[in-house]
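Here you get one chain, nothing else, as structure tokens; it is the form predicted on its own.
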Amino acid sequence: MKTTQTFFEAGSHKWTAIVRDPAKPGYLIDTNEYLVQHAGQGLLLDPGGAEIFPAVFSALSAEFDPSRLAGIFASHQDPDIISSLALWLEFNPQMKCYVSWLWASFIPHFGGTAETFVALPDEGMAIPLAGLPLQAVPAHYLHSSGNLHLYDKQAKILFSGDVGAALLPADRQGLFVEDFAAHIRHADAFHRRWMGSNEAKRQWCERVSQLDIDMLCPQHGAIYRGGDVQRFINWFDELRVGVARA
């Protein structure tokens, strides 16, 4: 089963990663889910696929009362991001799902009603969590044409969806990047193929370089912290993406 690891805590404000399931079938990609808690409410980021819902729900329940989830944030439309939506809504039909307007009429095929979805504009917007404004940040064409990340100014954390993702071998399963040079080799091919636009990549690097970020949290792989955050942004800025190798 997955486990939870709280990696930021200041009073009632917490970030918890739901990670690493040794029992996960090998044909499924490993994913990180993140829970943001503030003043007793929670927002779940990229809750994952339907097939891992039991593992995510069980791990989350050990940390937080799921009935206090106010919503779900979906960085984009992929099944490993949000195909568990109907299962979460079955437990709590009042939850909102925040997603790019571009996918707001596609993701309902996974579940929900017209009242479920909050369509995020291309420029992003503030998402309130118990009075705390979290900021949806544009990341379009970085894996998905309608793609958004989530910035927490108070915690100085950027949830970066598939940007920063790495497909790690079995002997490198730590929560944090410990050796950037060794780690980034596992991110290289993923970013070259799955990121579709050099211009969009450059805009994202400029945009997030203006944010005060202590930790950059991707949906796959390990968390970048401290100097590795800007180290990753610089590496990504120089990488040529959107080119398939035949």
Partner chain sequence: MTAEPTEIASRRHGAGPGASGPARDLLRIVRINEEIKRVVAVAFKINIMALNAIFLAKRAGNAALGFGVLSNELRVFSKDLRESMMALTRLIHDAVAEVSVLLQESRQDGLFRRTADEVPGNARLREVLARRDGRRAAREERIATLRRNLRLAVDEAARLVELGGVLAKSAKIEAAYGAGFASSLAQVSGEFDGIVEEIRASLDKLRRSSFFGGRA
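Positions refer to the first chain, counted from 1. Quantities reported herein were computed from a predicted structural model and do not represent experimental measurements.
Although not depicted, the form predicted together with its partner chain is the subject of the following passage.
Stretch-level contact check against its partner chain in the predicted bound form with heavy atoms at 4.5 Å: of 31 to 39, 47 to 55, 207 to 215, 173 to 181, the positive one is 47 to 55.
Within 4.5 Å of some heavy atom of its partner chain in the predicted bound form lies at least one heavy atom of Pro66. Looking at Glu115, you'd find every heavy atom of it more than 4.5 angstroms from its partner chain in the predicted bound form.
Contact between Leu167 and its partner chain in the predicted bound form is not found at the 4.5 Å heavy atom cutoff. Its partner chain is not drawn, but in the predicted bound form it has a heavy atom within 4.5 Å of Met1. Proximity to its partner chain in the predicted bound form, defined as a heavy atom within 4.5 Å, singles out one entry of Ser145, Gln154, Asn92, Gln135, which is Asn92. Just one of Ala130, Met125, Ala86, Ala119 comes within 4.5 Å of its partner chain in the predicted bound form, counting any heavy atom, and that one is Ala86.
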